[in-house]
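Form predicted on its own, single chain, as C-alpha cells, below.
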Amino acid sequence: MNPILRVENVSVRFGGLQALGDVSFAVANNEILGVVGPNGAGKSTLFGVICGDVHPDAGSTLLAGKSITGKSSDEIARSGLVRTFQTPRPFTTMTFLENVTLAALTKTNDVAIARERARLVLDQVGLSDCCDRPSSGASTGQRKRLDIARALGTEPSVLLLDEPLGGVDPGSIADMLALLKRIRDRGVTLVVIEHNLEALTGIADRLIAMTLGKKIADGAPKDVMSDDRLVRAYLGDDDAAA
C-alpha cells in the first residue's frame, strides 16, 4: 500500500467519555475507504480529528507523509484534505455558483479563474443548471451535491464524506454512487461514513468497522460486513445470537 493518509494510535477523550481509543489505519492513494459502525461508534469524531476540528489527546495523522496533527482545518484544507458534513452548510444568501466560487478562491486570487473552476465542478456533480439559483431553495439531494462541489472546488487530494446518501431520494442513490466513483477516477481519494451499508459496500474498496471508539475490523467489504464483532455491535449480543 502507498498510503496518502495515515492515522496512528489516535485517542480522544471528552471528560469521562473515551470517544476514540488508539485508532490506527492507512488509506491508499485513489482508494475508496468506507467507515461503518453504529451511532456513537466514534466515526464523526474520527473525521473531526483528521480534518483538524478535534484535537486528539494522543496519536498523529499524516497526509502524504507529512504530519497534519494539531493544524487548523483551514491549513489542512490548503494541504489537500477537506470534508463534507452530514448536514450540509451552504451559504444560503449565495447562489450555487457563488458558494463554489468562494471555495475555489482558496486556491487562487483570481475571481474569474475561481468562477470557471466552480462552473466545471457544478457540472461534474450534476448541478450545472443551478448555477444562478439561490442555494436557500436547494433540495436535500442538491445540498449534498453542492457540499461535494464546494469541497471539490478546493482541488483536494483526499475527500472525507460524512453520510453523502443521508436524506437522498432512493431513486437518486445510484446516481450519487456513480458520482463518487467518477470523483475517485479523477484522482481523489475518498473516505466515506455511510449508514446505507448495502450502497457503501457496492463502491468501497475496503471497510473499517468501529464501535465504542475503537476499530474492530479492517478489510474487504464482504469480510468486514460478516465479522461477528460488527454484527454484535449493530444488533446486540442477544439479537446477533438469534
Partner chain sequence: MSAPSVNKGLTFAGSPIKLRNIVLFFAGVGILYLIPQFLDGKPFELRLLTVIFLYAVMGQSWNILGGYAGQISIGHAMFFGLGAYTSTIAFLNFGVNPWIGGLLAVAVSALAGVLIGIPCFRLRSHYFVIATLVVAESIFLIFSEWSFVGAAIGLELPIRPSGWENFQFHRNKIPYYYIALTMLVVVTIFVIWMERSKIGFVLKGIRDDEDAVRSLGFSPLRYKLIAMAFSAGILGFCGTFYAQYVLLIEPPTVLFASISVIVALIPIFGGIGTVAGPIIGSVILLTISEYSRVHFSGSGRNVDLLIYGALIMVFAAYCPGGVMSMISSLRARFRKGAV
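Everything numeric here is computed off the predicted structure, so don't read it as measured data. Numbering follows the first chain given and starts at 1.
Below, we refer to the form predicted in complex with its partner chain, which is not included among the displayed structures.
Asks: Counting only non-hydrogen atoms and a 4.5 Å threshold, tell me whether 113, 116 and 150 all contact its partner chain in the model of the complex.
Replies: Checked in the model of the complex: all three residues contact its partner chain.
Asks: Ok, 158, 77, 125, 168: which has a heavy atom sitting within 4.5 Å of its partner chain in the model of the complex?
Replies: Filtering the options by heavy-atom distance leaves 77.
Asks: Considering its partner chain in the model of the complex, which of 86, 140, 172, 73 comes within 4.5 Å of it through any heavy atom?
Replies: Contact check passes for 73.
Asks: Using a 4.5 angstroms cut-off on non-hydrogen atoms, would residue 105 count as touching its partner chain in the model of the complex?
Replies: Yes - in the model of the complex, heavy atoms of residue 105 and its partner chain come within 4.5 Å of each other.
Asks: Does at least one non-hydrogen atom of residue 130 fall within 4.5 angstroms of its partner chain in the model of the complex?
Replies: No, no contact at 4.5 Å.
Asks: Consider residue 109 of the chain shown here, and say whether it contacts its partner chain in the model of the complex, taking contact as heavy atoms within 4.5 Å.
Replies: Residue-level check for residue 109: yes, a contact with its partner chain.
Asks: With the partner left out of view, is residue 93 within 4.5 angstroms of its partner chain in the model of the complex by any non-hydrogen atom?
Replies: Yes, residue 93 lies within 4.5 Å of its partner chain in the model of the complex.
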